[in-house]
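One chain follows as structure tokens, the form predicted on its own.
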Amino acid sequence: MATYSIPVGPLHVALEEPMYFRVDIEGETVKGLEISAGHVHRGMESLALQRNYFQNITLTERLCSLCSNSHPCTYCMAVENLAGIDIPERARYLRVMADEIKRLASNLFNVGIMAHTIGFNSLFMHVMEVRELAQDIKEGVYGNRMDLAANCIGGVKYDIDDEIESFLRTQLKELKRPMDELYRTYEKDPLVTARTKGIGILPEKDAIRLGVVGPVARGSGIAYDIRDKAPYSAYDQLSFTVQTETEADVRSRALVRLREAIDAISLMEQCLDRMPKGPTVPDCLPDIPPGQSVARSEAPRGELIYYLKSDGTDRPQRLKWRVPTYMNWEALHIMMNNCKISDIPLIINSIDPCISCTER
């Protein structure tokens, strides 16, 4: 049987961002994979050293669109850890709400693209219609449908009054029924099952060896979630389940994301029920002392880590982040081994790669 190599990318159907794959093919079967990144390197870590601590909140929010709240939130936590800043209790709940509305919208976008990839366009349009309810929440509460600008060092830059709370509760209630319907469709529809079950398998032992994170790890049965293992903001005051699947395929990763989206609704409602009155920022902030700190959060794609080093000036001496995709894309070598050519976009989409925040 003839063996040949085909290029996939750097512009292709699986991603909105450029990434090059050289795939070795034997007939219709994938026998080898080479991943080449670096097409959108923007020097963001270098730019961060040219800005002060407050300006970097805006910079980090522009690393990525779908997880744009996770970056400034984790960056602010790194600064707060270094300077010993305690954020107000109300701000902790407001940070969770911003995180979870982004998780809901991000996960829906991924499973929607999956439906489009398998040719189920009516399902794709339905998912995006449901996602509009989440987008309306973002626009109604934060004034923007993508970058929320919710975080600041020491707390948050927004608050909610009785009118916004009523709007939020109405929107979240409207989301519940269609989210349950979407989950049943992805779980039981024969077209979705036929194209995703048993495709792109990542066994648990390989997931552990490669150190994958987020829904990719949880889809392989690894119950690892920073919100549970090392709670931040107000997650230690809230109730949620670390969602896992054991079949380790494309379908499993989609089901995990959908259940986490449903959990996001519950978490936001819990925040509204339990959030205390009070300030959203401290009265004053201390100077940032020399030293080093690390902060972690659970972004929609998995564990996000920020490292900060300060020399005592108003600019960081070093700022570095490790994003989930950096860990997850190595698993494609396992997932795509012996798959069919037609499954390549589906498997790539199943790790929900974010190239812009990986190529920093």
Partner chain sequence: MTPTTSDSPFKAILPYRDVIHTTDSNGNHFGWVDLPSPEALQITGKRLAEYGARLCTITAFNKKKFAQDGDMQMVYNFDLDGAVLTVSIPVTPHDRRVPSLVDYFANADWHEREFAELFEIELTGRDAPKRLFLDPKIDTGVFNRLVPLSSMMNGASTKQLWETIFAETSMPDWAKEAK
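The shown structure was predicted, so the numbers you read here are calculated from the model rather than taken from an experiment. Numbering follows the first chain given and starts at 1.
A second form of this protein, the form predicted together with its partner chain, is not displayed here; the remarks below concern that form.
For a residue to qualify, one of its non-hydrogen atoms must sit within 4.5 Å of its partner chain in the predicted bound form; all three of G38, P316 and K320 qualify.
Shown alone, this chain has one stretch from 267 to 275, 286 to 294, 251 to 259, 238 to 246 that lies within 4.5 Å of its partner chain in the predicted bound form by heavy atoms: 286 to 294.
Listed residues M97, V213, A91, V111 were compared with its partner chain in the predicted bound form; V213 is the one with a heavy atom within 4.5 Å. Contact check for E26: every heavy atom lies farther than 4.5 Å from its partner chain in the predicted bound form. Among residues of the shown chain, K173 is not one whose heavy atoms approach its partner chain to within 4.5 Å in the predicted bound form.
Interface membership of I334, defined by any non-hydrogen atom within 4.5 Å of its partner chain in the predicted bound form, is ruled out.
With a 4.5 Å cutoff on heavy atoms, D180 does not count as touching its partner chain in the predicted bound form; it lies far away. Counting a residue when any of its non-hydrogen atoms is within 4.5 Å of its partner chain in the predicted bound form, the hits in 43 to 65 run E45, S46, L49, Q50.
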